[in-house]
Structure formats: structure tokens, C-alpha cells
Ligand SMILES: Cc1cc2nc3c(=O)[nH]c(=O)nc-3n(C[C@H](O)[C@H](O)[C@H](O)COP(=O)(O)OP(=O)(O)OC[C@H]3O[C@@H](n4cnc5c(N)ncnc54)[C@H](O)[C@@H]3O)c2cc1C
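Below, in C-alpha cells: the form predicted on its own, a single chain.
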């Protein structure tokens, strides 16, 4: 695809053909040698017990390899979130190998990256400071809380409610289902972007707001605070993706 021509631009000057080939080769090796073997073990599935979810044991080693290699944010801004600053096309090539290696595993990272991009685009400066780098580095995970039992794909019919507190935060009440990576033991915190309707807001899609709901509250110094009452009530079947915890 001649992506080495991007190195003619100052932004991607470091990514000549030799560098690009090295990165692609490393992704391929990692996918085949370390990731593909976990594919065969994916049907061990996740285990739900007393509100907690354990992923297949084989996932933990690869999660650390993937995290320490900074593969999650390889095409994101180095200054804003500690990303690798690579051409996006190059990250697509690497992720094609990883997705082939184990799709169940990649759903954890895919949702984390999407949630982090939401924070980067729409979060307050304080939210970016507290969450962005820890999510882009995969130290913390992320999800997408969209589907609900009362409405399915009819987003405007949601009844999850948000009540404003005196300190400017909101108390969220509701249920979400089919949440990929909604609960697991790969990371110490999971950050949930949650759709909810503020009390008094109009019916339908126009009255919906988006909230950042961490599994554990985050202190001003970035350390973890108290449990935030995000309770997993069970895990579900999602086609053959037994290694990914599809949570309620």
C-alpha cells in the first residue's frame, strides 16, 4: 500500500520502509507465537462468581505483553496520551494480526481504545488528566454501556437515569446488558462510558447524556478510591466469544 510514502511528511518522518517492516514483523511474531496459542484455550471461557469475573488464565500473560509493547495506542498522539504517533494505517495492519490471533482477547483492548478516544475527544481537562494515559496504556480498561434490557437497540427508549449531586457529580441508576469486557480481572479499574437521561431531560435520543463511570472512583492524585457500585450480575453468551466477558 506504499505507506512508507507517509515518511515524506514531517509528522511520520521516523516511519520509513525499514521501520514499518520491523513493526509489522514484530506484530506478526507476537500474534503467532504468543497470541494464537491462547485462541485454542479460549473455550475455557470466563468464570462468574460472587459478582467477579475471571478471564482464561492464558490471557493474563499476553495482556501484559500487549500492554508493555504499547500496542494499544500505537497511532495516537504521543504528547496528549503517550501514544506511539504512528500512521493509523500501520496500526490497522498490526491489529489485523492480533484480531486473527484471538478475537475474544482483542475485544478487551478494542473497547478500551474506543472509550479512551471518547475521553480524549469529549472529556473535561480534569477527566483527561485522570483517565486518558492510564486507559491508552491499558493500565485501566474501558467499555461501552449502550444496550439495555428494556429497549435493546432503541437507544432513545432508555430508562437509565442520572440525578445531579451537590458536588457536580451524578448518581446513575439503571441496567445494561451485553457489555463486552464489562467485568474482568485483567486490570485494577474499568472505565464505563454510560448513556443515561438526566432527571427532567426530554424523552427520546435528544435527552440522553454520556457519563464517565469508573468501577473504582479516582482520587485527584490519580490513585484508586472506593468501589463505585458498578455491580456485575452475570455473564452472557455472545456467539463463540467465550474468552470475552459479556456482562450484565
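Residue numbers count along the first chain shown, from 1. Since we're looking at a predicted model, the values are computed, not measured.
Below: the form predicted together with the ligand, not depicted.
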query	finding
Contact flag, residue 147 vs the ligand in the predicted complex, heavy atom cut 4.5 Å	yes
Close approach of residue 186 to the ligand in the predicted complex, 4.5 Å, heavy atom	no
Heavy atom of residue 89 within 4.5 Å of the ligand in the predicted complex	no
Distance check, residue 156 to the ligand in the predicted complex, heavy atom within 4.5 Å	no
Selected contact from 55, 31, 179, 196, since only one has a non-hydrogen atom within 4.5 angstroms of the ligand in the predicted complex	179
Answer option from 111, 94, 162, 130, heavy atom within 4.5 Å of the ligand in the predicted complex	111
Candidate stretches 73-81, 138-146, 116-124, 166-174, one within 4.5 Å of the ligand in the predicted complex by heavy atom	138-146
Residues from 224-248 in contact with the ligand (non-hydrogen atom within 4.5 Å) in the predicted complex	238, 239
